[in-house]
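First, one chain by itself: the form predicted alone, in structure tokens.
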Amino acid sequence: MNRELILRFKEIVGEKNLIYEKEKMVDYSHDEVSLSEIYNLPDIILKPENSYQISEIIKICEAEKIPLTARGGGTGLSGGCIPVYGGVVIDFENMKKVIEVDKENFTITVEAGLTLREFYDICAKNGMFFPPHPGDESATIGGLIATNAGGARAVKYGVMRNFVRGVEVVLADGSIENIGGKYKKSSSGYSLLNLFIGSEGTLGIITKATISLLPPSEKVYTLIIPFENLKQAIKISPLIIQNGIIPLAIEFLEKNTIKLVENYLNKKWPCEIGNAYLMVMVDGKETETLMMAENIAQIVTENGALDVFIIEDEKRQKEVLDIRSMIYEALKSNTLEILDVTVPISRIYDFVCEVKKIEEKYATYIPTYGHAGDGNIHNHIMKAKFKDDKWIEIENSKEKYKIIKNDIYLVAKKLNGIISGEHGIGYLKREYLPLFFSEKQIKIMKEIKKIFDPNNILNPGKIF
């Protein structure tokens, strides 16, 4: 990153939107991945204010073969925004405009740097509802689209892909393209829009997005259902859907994990009894939602539930969702890596049992919880376990880490699962991609990458 290049970038974004001092770039060298050794400093940080500036930046990077990484909120869990080859990092903090609120088409168009928290506020002020809740609300819209984020509320309404109607992207040659629109249906050629959703910034830089919304639900209830053991909780989950009820969310959790989050947040879970829980959310018209909650209560009590706690108060519901959403933060300091495999919902319990065997085999601690309604499961590979009110180091945890990770992926493969349900491949999972995809499929993916980014400047070192 010589002086001439710095001056060229400065002409585009201005001095105040340019950082190249090493001590100021440390925060841009990593995402939320716990492994401290997974980081790399960029050569320069640029904070453009519009798509035109990004286009000019990319043209320079393409001509000079400089790696370029787009960064949103830095909340990723796969090393997806780590600049593994240095180069330019584009920070979207200056691109948060709300372009349009279209109440007729129930869409909102925003710039990619708007955070999820800010987006929720805009939706609420305009009488609209955005169902996905991927967790960390400081994540940006661009980052959520780039990873096809999901979260707890995906059972009924789906993931980001189900709500993205159109995007503006800047391609590797600097051209600015608008893909998709406000329409809900399209059977017009290959879906370029779906290629960009989940592409992790490797095909183009998403700068704007048109998101479709829903009317807000009249009523939401959260049910906390305690069980004696995890098997009962997981096995009952499909019965809810088989009885014609499609909840907003169905999550399974264990008591020991909840206790750690309670201590971390200084908040209380609604019940003490039981060793495992289902957290079920239902929404709709008030009378039908109450009926769904009561029907679920009947189904689970007939199949081993110890009790059913129905929470109506919105503030208390948010506290419960916060506890579920903040599990990673509570465990982060002692986590080596969090995995997010997805298996068929009928195989969730089989997968969890196999992980328990791996935990025992390697004398380690692997907290496991996840989305019982869609089979997306989170496993924390830990370097310490909580015992007698303190964290105790696990012997040889780092030496065991990759072996454990590989064994968990082998189990997911055996159960016809997939490597990632919502975090993406990024840097940390790329070597395991061939375990889940054939050589031919990976070759096709690489050829697609080459068409969009022939010189491999866009987020290189990710996915493959």
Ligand SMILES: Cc1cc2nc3c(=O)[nH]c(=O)nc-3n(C[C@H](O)[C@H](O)[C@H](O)COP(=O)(O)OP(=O)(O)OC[C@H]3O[C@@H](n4cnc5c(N)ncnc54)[C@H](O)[C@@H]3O)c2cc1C
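Predicted model only: the values in this text are computed from it and were never measured. Each residue number is its position in the shown sequence, starting from 1.
Below: the form predicted in complex with this ligand, not depicted.
**Student:** Would this ligand be touched by all three of P226, Q232 and W269 in the model of the complex, meaning a heavy atom each within 4.5 Å?
**Tutor:** No, the candidate spot makes no contact with this ligand.
**Student:** Using heavy atoms only and a 4.5 Å cut-off, determine which of T140, N379, T222, S237 is in contact with this ligand in the model of the complex.
**Tutor:** By the 4.5 Å heavy-atom cutoff, the listed residue in contact is T140.
**Student:** Within 4.5 Å, heavy atoms only, which of A70, A412, I58, L428 is in contact with this ligand in the model of the complex?
**Tutor:** It is A70.
**Student:** For G180, is any heavy atom within 4.5 Å of this ligand in the model of the complex, or not?
**Tutor:** Although this ligand is absent here, G180 would stay clear of it in the model of the complex, with no heavy atoms inside 4.5 Å.
**Student:** Do T75 and this ligand share at least one heavy atom pair within 4.5 Å in the model of the complex?
**Tutor:** Yes.
**Student:** In the model of the complex, does S325 come within 4.5 Å of this ligand, counting heavy atoms only?
**Tutor:** S325 belongs to the contact set for this ligand.
**Student:** Verify the contact flag for I250: yes if a non-hydrogen atom of it lies within 4.5 Å of a non-hydrogen atom of this ligand in the model of the complex, no if not.
**Tutor:** Because no heavy atom of I250 falls inside 4.5 Å of this ligand in the model of the complex, the answer is no.
**Student:** In the model of the complex, which of 286 to 294, 147 to 155, 356 to 364, 306 to 314 comes within 4.5 Å of this ligand (heavy atoms)?
**Tutor:** Stretch 147 to 155 is the one.
**Student:** Which of the residues spanning 418 to 444 lie within 4.5 Å of this ligand in the model of the complex, based on heavy atoms?
**Tutor:** Going through 418 to 444 in order - heavy atoms within 4.5 Å of this ligand in the model of the complex - the hits are E422, H423.
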